[in-house]
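Presented below, as C-alpha cells, is a lone chain in the form predicted alone.
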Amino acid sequence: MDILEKLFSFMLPEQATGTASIIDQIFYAIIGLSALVTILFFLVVVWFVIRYRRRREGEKTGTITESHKLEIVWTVIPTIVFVAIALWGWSAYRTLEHPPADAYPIRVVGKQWAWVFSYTLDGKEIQTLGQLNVPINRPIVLEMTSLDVLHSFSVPAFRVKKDVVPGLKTQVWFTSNKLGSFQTYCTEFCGTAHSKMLATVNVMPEQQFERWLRDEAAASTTASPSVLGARLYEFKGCKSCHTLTGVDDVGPSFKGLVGKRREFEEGAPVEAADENYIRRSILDPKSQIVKGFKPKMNSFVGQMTDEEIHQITQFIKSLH
C-alpha cells in the first residue's frame, strides 16, 4: 500500500487528518486493482489475437470450447473482490460517521454565500466568519445546517464532505494532526456567488486555541453595540446584499439609511427610517419591499435575538 501511495500521491491533496489515510487506502487499492485488471485483460486480448488469428488456407485455427471451471473462476474471484471492497468501505463509513464521545462540538451555518462557525465557552457564543479555528490532535465534530439552500461543506485535506441542508442537522468529524491552514469549499452549486463561498480551517496548538477562545469571549462582552453590530453584518450574511458604500446592491445600502424616506411597492411610505423600520425589515422583510427591489430577503425570526437586532441597528445608525 505504501508503494501505491507514493506512486499515486500526486492525485490527491495532502493528508491533514488521521482518517484521511483510510479514504486514501481504499482509493489506492481500487486504482491499483483496476490497473492490474486492465493489464491482465490487455494480455489476454493479445494472446487471443495470436492464438485464434485467421490462418492461411488449409491451416487449422484454434477452437474455443466451454470450460465450467474457467467460468466459475471468473465469477467467484471478482465476487470475492467486490464483496471485500464493499466491506472495507462499509467499515470506513462507520468510522467516519460516528465521532468520538469526547469530540469538541462546533456549530456550522451555511448561507448564501458564507460559512459561519459558532463556539461555546462558559455559556457564551463566539462566532467567526470564514475562519474555522481548531486545536491540533483533538477530535472535532461539526454540527451543520443551512439557512437558505442546499450547500455542501468540504475540506479536501481532511477528506471530509457533507451536504448542509435547510431544516436538517448533519455532521462530520475529524482530528487534524498537522498544523497550518487548509481550504474549505462549498461543493454544491448554491447560487451566483457559489465559487466565493470559501473558508479556511486554521489548525493551531491546543493552548493557542484556548487562549484565542478566551480572548474572543472577552471581546464580545466589552465591545460597543455598534462594533458587535458590525460583526453581525458579516456573520448574518447582510454583506451579501447590502453594501456600506451608499451604492445599492441586491438590497438597499446601509449607509445613510437612517432618517431616509422609504417608498414601497405597496403601502404607505416611511418618511424617515428609524429603529422600528429596521426591526420590521429584519423580522418581516416582505411586508415593506422598497421600490426598485425584489422580495429576496428571508425573515430572521428565530435567527436573531432582540439584543442582536439592537446591535445591528446601532451599527446601521453609525453609518452616515
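Quantities reported herein were computed from a predicted structural model and do not represent experimental measurements. We call the rigid core the largest set of C-alpha positions that still match within 1.5 Å between the two forms. Sequential numbering from 1, following the sequence displayed.
There is also a form predicted in complex with a small molecule; it is not shown, and the following applies to it.
Proximity of 94, 162 and 165 to the small molecule in the predicted bound form is absent: no residue of the three has a non-hydrogen atom within 4.5 angstroms. A heavy atom within 4.5 Å of the small molecule in the predicted bound form is found for one listed residue only; from 190, 116, 238, 106, this is 238. Only one of 231, 194, 242, 178 comes within 4.5 Å of the small molecule in the predicted bound form through a heavy atom, and that residue is 242. At a distance threshold of 4.5 angstroms between non-hydrogen atoms, residue 27 is out of contact with the small molecule in the predicted bound form. The small molecule in the predicted bound form is not approached by residue 20, whose heavy atoms all lie more than 4.5 angstroms from it. Shown alone here, residue 304 lies within 4.5 Å of the small molecule in the predicted bound form, counting heavy atoms only. A residue is said to contact a partner when one of its heavy atoms sits within 4.5 Å of a partner heavy atom; residue 16 fails this definition for the small molecule in the predicted bound form, lying far away.
Residue heavy atoms within 4.5 Å of the small molecule in the predicted bound form occur in exactly one stretch of 242-250, 202-210, 181-189, 130-138, and that stretch is 242-250. For residue 180, the Cα coordinates differ by under 2 angstroms between the shown form and the other one after the core has been superposed. After superposition on the rigid core, the Cα atom of residue 136 is displaced by less than 2 Å between the shown form and the other one. Residue 89 is not among the residues whose C-alpha shifts by 2 Å or more between the shown form and the other one once the rigid core is aligned; its shift stays under 2 Å.
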